[in-house]
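In structure tokens, the next block holds one chain alone, the form predicted on its own.
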């Protein structure tokens, strides 16, 4: 198994998760509704933290559920956990091994909160600390850079949102995700050729907004982990408040801008970057006018509901990072200085 092969496992893994864990998700949603949950309190690190960013937008938009991202150091080093009354306390971790994430769930349980672990290892310390466990069933992920565990975490988060809403329309839309994922992965050879253009890229920014704020962070993380490029993620709104000043002619800007409520805002930003700043644009979108702005356009499958675009947009981004790693002469299987399981305190 290689990073590239694990990227291509994702359509199958997403379809299997939807089929095999739907009943579990429905039971978890029932348990949540039975409690007076006022908000979600989510602890995660790295890639899983980016999945939490998706939950922040999705559960807020579709479920009216506020979400706070935890600061685990308050629970470990500072020994000063906040009051969590009314919270659904969630830990998201591929391995379920990180002691600081486990400590958040342990404190949540101590304070009488309902606790949920979303993990790929259902007998992990994180799972044992939780009242409820959602196994993302991604299978063994050998590559150091997470790919299929990220998208299955997103799928789990989307399934839980749908179960809490009891939305049959959303269940039908979720059933199409694996098909869209397959279509996105068909761009593999085109993206491999595209990566050649960025052989000497040493820095860039990655822009996203709304649901794909998470995608910008995850794409940037993959570039940093694998290619050692200094890749800084921003909301396109935050980017206007100062950081845009660093863009000059030829500066690489990577962007995720599918159709949806924030597409026009993203298009305005990309138009400004191309026409006023002469930026070098790599753009993932399903909108012709947005793609026309890019020197390197990446065409998404059409008709993906905006709330599900993060599950598909990240796939060409993963391929871009994978191929750029090879173009730069690095090993996709052995990124320097990092290991598969990171235990933080």
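Residue numbers count along the first chain shown, from 1. All values derive from a computational prediction rather than experimental measurement.
Not on display, but discussed next: the form predicted in complex with a further copy of the same chain.
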| query | finding |
| --- | --- |
| In the model of the complex, segment of 131 to 139, 159 to 167, 206 to 214, 187 to 195 with a heavy atom within 4.5 Å of a further copy of the same chain | 206 to 214 |
| 73, 228 and 262 each touching a further copy of the same chain in the model of the complex (heavy atom, 4.5 Å) | yes |
| Interface membership of residue 238, a further copy of the same chain in the model of the complex, 4.5 Å heavy atom rule | yes |
| Interface membership of residue 344, a further copy of the same chain in the model of the complex, 4.5 Å heavy atom rule | yes |
| Proximity of residue 232 to a further copy of the same chain in the model of the complex, heavy atoms at 4.5 Å | yes |
| 4.5 angstroms heavy atom contact with a further copy of the same chain in the model of the complex for residue 246 | yes |
| Candidate from 308, 281, 32, 65 lying within 4.5 Å of a further copy of the same chain in the model of the complex - any heavy atom | 65 |
| a further copy of the same chain in the model of the complex - contacting residues of 82 to 99, heavy atom within 4.5 Å | 82, 83, 84, 85, 86, 98 |
